[in-house]
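Single chain ahead, by itself, as structure tokens, in the form predicted alone.
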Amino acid sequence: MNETAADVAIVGAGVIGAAIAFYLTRRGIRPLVIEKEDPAAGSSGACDGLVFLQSKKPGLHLELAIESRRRFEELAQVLGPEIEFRPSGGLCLIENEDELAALGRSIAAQRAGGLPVELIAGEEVRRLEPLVSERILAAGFSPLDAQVNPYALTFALLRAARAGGARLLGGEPVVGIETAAGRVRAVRTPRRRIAVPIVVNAAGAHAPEIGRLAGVEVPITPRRGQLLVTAARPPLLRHGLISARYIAAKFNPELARSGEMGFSLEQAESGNLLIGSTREFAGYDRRTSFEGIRAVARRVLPVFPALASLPVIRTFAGLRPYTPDGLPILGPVASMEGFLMAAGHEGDGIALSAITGEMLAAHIAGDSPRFPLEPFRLERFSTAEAA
């Protein structure tokens, strides 16, 4: 077995691991990124590209998202046009009076939290998006909602990190984490042993597996999202779009289990439409199902009937790392010195990638992160259970 060493090992080369590596190299720290498959082979390569703020809970969740969105402006400059960042604005579509009342309360709270967002009438929605049917009563609109190519973003972050001295070890799963006296000592793959004092668990839905290697229980559950992709067409949509019901299902697992679902919709720069998504607790099964894809199509067509003639060219599914309170798990783990968490973003990994990378890099470098890590630490779950 080969013996090597690193100052920091990041487990997972999705968008979160890539962002941490990128921000570490900007601080002069050269991490080793370890990926069992290829970069973006997990959720980062199986999701839409919405950088959506209206879907975030007022409070810490929204504050994180706003700060992350601000950093995308700089990322677009540093990483270049290949990440396809578009500050297009977003619409949260409302179909009934109950959603209207709920979103009205949400908008008031989000505005108080610093998000520029307003409630607009159905007529204005159809002026902004002519394909929207009369079914839509109103919508929330925020000019800060944006779009990006998540696959391209992940690779661009990794390329920039490697240019800054980071190393990428692909095709090697982490099979062991050596510890002694309550701290991390090394990471093992089938081919090598890497002596390292800091390990960042950025393994997404597979973060519990990495946690167990260090004797740490991580309360993350995979939540499958199935999406469909249409053939490319000239511009049909001007904004990123989600339904108000999507937000409700996102934060209410019982609603998700009941079969109630919303939808998300965007048109990529390539012209393809991405339509999603289910939110299913189906273990680690990444297959699509006829029932799931049909449910997505049936959900979106009453709102966008003009899409009925668009051919679907492929479907895919990704696993979102769900946590019980909807917030990611970030920062050091009290029971194991040198073991850090950066997972549990569920469907917000793209939107929160920039601020997550910056916060973890600041902590590792010994600086104070933009936000305190305490509210996001793993121990909050054991505290809640004790209460």
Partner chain sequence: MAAERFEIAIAGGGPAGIACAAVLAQAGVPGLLIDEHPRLGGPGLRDAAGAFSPFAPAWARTVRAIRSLKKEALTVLPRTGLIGIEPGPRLLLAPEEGGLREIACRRLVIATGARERFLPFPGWTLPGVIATGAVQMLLKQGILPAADFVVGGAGPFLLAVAADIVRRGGRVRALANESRLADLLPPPGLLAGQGVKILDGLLRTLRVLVSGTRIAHGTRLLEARGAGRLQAVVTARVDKSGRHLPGTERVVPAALLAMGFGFTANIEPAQLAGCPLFFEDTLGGWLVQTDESLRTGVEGIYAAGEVTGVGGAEKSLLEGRLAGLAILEEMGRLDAAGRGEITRLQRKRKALLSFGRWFNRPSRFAAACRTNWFASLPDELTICRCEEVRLRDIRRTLAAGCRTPAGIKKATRCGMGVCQGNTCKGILQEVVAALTGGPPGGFPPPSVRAPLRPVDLGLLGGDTV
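Residue numbers count along the first chain shown, from 1. Nothing here was measured: the structure is a model prediction, and the numbers come from that model.
As for the form predicted together with its partner chain, it is not shown, yet the points below apply to it.
The candidate spot formed by Ile107, Thr221 and Gly326 lies out of contact with its partner chain in the predicted bound form, as no residue has a heavy atom within 4.5 Å of it. For Pro332, no non-hydrogen atom is located within 4.5 Å of its partner chain in the predicted bound form, even though that partner is not displayed. In the predicted bound form, at least one heavy atom of Glu37 sits within 4.5 Å of its partner chain. Residue contact with its partner chain in the predicted bound form: Pro235 places no heavy atom within 4.5 Å of it.
When contacts are judged by a 4.5 Å heavy atom cut-off, Leu228 counts as touching its partner chain in the predicted bound form.
Here is the short version: of Leu157, Cys92, Ile275, Ala203, the single residue with a heavy atom within 4.5 Å of its partner chain in the predicted bound form is Ile275. Out of the listed residues Ser88, Thr179, Ser289, Thr189, Ser289 is the one that sits within 4.5 Å of its partner chain in the predicted bound form by at least one heavy atom. Note that among 94-102, 313-321, 120-128, 140-148, the stretch whose heavy atoms approach its partner chain to within 4.5 Å in the predicted bound form is 313-321. Along 292-315, residues Ile293, Arg294, Ala297, Arg298, Val300, Leu301, Leu307, Ala308, Ser309, Leu310, Pro311, Val312, Ile313, Arg314, Thr315 each place a heavy atom within 4.5 Å of its partner chain in the predicted bound form.
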